[in-house]
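Take a look at the structure tokens below, where one protein chain is shown in two forms, each on its own, as structure 1 and structure 2.
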Structure 1
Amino acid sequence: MAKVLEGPGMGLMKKWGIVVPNFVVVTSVEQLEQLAQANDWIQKGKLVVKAHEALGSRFKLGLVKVGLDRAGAKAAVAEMLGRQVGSITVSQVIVSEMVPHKDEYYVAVKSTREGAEVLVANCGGIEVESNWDRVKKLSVEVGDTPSSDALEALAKQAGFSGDLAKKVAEFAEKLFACFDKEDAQYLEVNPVVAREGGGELVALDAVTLLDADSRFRHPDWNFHFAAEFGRAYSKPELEVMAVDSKIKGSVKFIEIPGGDTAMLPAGGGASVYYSDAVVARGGKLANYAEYSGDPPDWAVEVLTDKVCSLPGIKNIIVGGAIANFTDVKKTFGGIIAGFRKAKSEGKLNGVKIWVRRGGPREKEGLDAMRALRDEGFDVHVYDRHTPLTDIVDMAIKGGK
């Protein structure tokens, strides 16, 4: 599950017919000025300015400004950009039109074990948290789509009536279509407002969580996911994510500053297992990584290059259980190519490499790894008969 920032989240909803405010995402005051020349709503209307980062409590932090004219918006953008909040530096700001309204509502769709759940309330904003008993729910089984009648009944149950109940039902129907077609796991619009002078429902703010592994099905996803650990993604992390979005199988990479033991495990289970073992034995992780689902060797080579480029590492653990269908020789070919590239660039000096793997063509793969000793690599290779934890023990002891 991956979080999407407000701008691209609004863009996805607009794609499925949901009305959103006019907005732009800018990285400088100059960019806002350029966009103002082509957008009358920036020049003439009231504006809202918000830090476009994965931050909670933006209003309390002074990172939301409302009711601004163009000059006020420029000043707010200048004030917010570059501001440091914890480990996050504000690098983007979203500027949107201010939508006149009186009442606020709440509509969401979330994934459940049985399928999905549509949630509706006739209160929104901060009120919904203290009035959760007013949120009414409709369960939808896997593969099903809620009917218009069922959604209208849900809206009426939540306290809407007449034409507004129909509008809320139509809004929920569009939100569910977005949820279903965009491989979302959670979509929340809070608040939904009725624009003064016509009653058109508008999504003012949104929380969007998508299935990151489905990116290959969505060529129009031209946005980065928001980092979930209090900082922006690094360039190497983004490069691995770009590879991951294009391949069968998967490659993952997250940096952990200050560590000396780098991880290059096969599969999510092995990656967590090895990481826990390193920490339990007093080691310091330099990264999280994994390759799984029989990815192409070139993708594994890219991942290996990022792992070898981590600063201050003393050990690299190339581990995994016994694969069912991942070709050990082929994926090891990508790792070996990455090791050779790193060595040619002056990396891996003093770094010990620890390998443990089993699976299809394991003998050929392990033999190819052992052959690296003849090229000057400090590599230690073990087969399926060596317990996974033994590799960690040897790496931690050997690295000290």
Structure 2
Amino acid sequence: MAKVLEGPGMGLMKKWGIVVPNFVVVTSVEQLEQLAQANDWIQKGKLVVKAHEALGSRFKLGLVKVGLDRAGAKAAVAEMLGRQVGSITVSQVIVSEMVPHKDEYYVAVKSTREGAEVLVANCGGIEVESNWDRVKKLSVEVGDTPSSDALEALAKQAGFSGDLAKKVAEFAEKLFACFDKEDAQYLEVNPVVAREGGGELVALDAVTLLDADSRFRHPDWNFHFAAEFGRAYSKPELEVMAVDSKIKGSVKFIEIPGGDTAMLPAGGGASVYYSDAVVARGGKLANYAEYSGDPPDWAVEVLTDKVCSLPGIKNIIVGGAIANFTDVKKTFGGIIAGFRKAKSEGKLNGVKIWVRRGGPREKEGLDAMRALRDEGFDVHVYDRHTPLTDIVDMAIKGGK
């Protein structure tokens, strides 16, 4: 899943005919001033200013301001830009037109195993959370498109009537088209509002999750995906991602500050069991990592380098199941090279290394790991006869 920020998310919805408020994304006050020259709405109407970053609870953090005039907006932009929230620095601010309205509604499309679900409610904003029973759903099988009648019936079921029910159905139809054509996994507009006066439905906020794997068929996706969890990626994480994007197989690395058990296991599946075992034994994870799909040894070496550079680690878990086709000797070669480099840089002092693995050329690989003892590494090597996560038990017991 890949999260897209509000600006590009709104852009995608607009592409499929959904009315969104006028908005601009700016990185400086000067830019806002320049845009104001060309955009009447910035000069005249009331404005909303929001930090344009992957941050939750922006309201609480004071990163959403509403009902501002141009001067107020300018001040809000100046105040928000550069604000530090955890590891994220606010570098973009979205300034949008405030749409006068009375009622708020909710429309979303969600991916399901069978296809998608269209969700409609005649309440919006935070009211939806507490009134989830008022959200009515329509399932759509993949490849199908919901008919206007079905959507109107859904709207009526959700408590809309007459002309408004038709409008809500039309809105949902467009949101579904956007979902279907843009390979979305989740689209949520909360709130949808009826503009005072004309009654036109406008999307005031957009949650957009896209399927990053479909990027190859969306050449017009000119935006970056936002960080998946409430912080920016660190430099080592970005470096591993860069390696991951250009190799056969994969390497993954996420830092967890404060932990003392470093993870360097193989396999998307086994790595999670190893992480579970550390947590279950009362250990503290220093990172999540995995390598799989027979990656080149240099990529595993880069990953090893990042793992060895984690501060305050006591154990490194070089775990893995019995590989199908990942060459154990070759990938261990990358790990060993990384260990040697780390040691030459004065790292790994007092760090215990725990190895368990099987698969093609397992004997050669495990022997090479064992031989590290002669070079002064505190390495403990086990083969397929030791159950998968026993090295975690030993590592954590040994540390206590």
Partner chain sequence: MSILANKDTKVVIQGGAAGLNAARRMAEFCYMIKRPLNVDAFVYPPDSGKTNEVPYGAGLVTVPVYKSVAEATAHHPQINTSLVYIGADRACAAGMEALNDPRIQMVSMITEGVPERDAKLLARHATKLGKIFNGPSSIGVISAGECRLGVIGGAFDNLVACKLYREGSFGVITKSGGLSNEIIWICSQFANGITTAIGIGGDAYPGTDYVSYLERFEQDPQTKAVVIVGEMGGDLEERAAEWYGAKARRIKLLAVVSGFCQESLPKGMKFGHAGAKEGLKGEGSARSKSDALKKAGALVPETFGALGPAIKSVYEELLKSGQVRPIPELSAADLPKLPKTVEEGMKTGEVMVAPLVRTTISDDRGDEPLYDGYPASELINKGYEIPHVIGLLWDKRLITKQEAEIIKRIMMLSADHGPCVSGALATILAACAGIGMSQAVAAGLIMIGPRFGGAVTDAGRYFKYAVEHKMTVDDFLAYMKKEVGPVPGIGHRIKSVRNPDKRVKELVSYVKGVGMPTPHLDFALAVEKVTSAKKDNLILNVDGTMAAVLVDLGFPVDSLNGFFILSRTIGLIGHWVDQRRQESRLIRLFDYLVNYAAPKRREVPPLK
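Between two forms, the rigid core is defined as the largest C-alpha subset superposing within 1.5 Å. Keep in mind the model is a prediction, meaning the values are calculated, not measured. Residue numbering: structure 1 sequence, from 1.
As summarised for this chain, the first structure is the form predicted on its own, and the second is not. The two forms, fitted on the rigid core, differ between structure 1 and structure 2 by less than 2 Å at the CA of residue 17.
Taking the rigid core as fixed, one finds a CA shift for residue 333 of 2 Å or more between structure 1 and structure 2. When two forms of a protein are overlaid on their rigid core, residues whose CA moves 2 Å or more are considered shifted, and residue 44 is not one of them between structure 1 and structure 2. Core-aligned Cα shift between structure 1 and structure 2 at residue 295: this is 11.6 Å. In this core superposition, residue 268 moves its Cα by 5.5 Å between structure 1 and structure 2.
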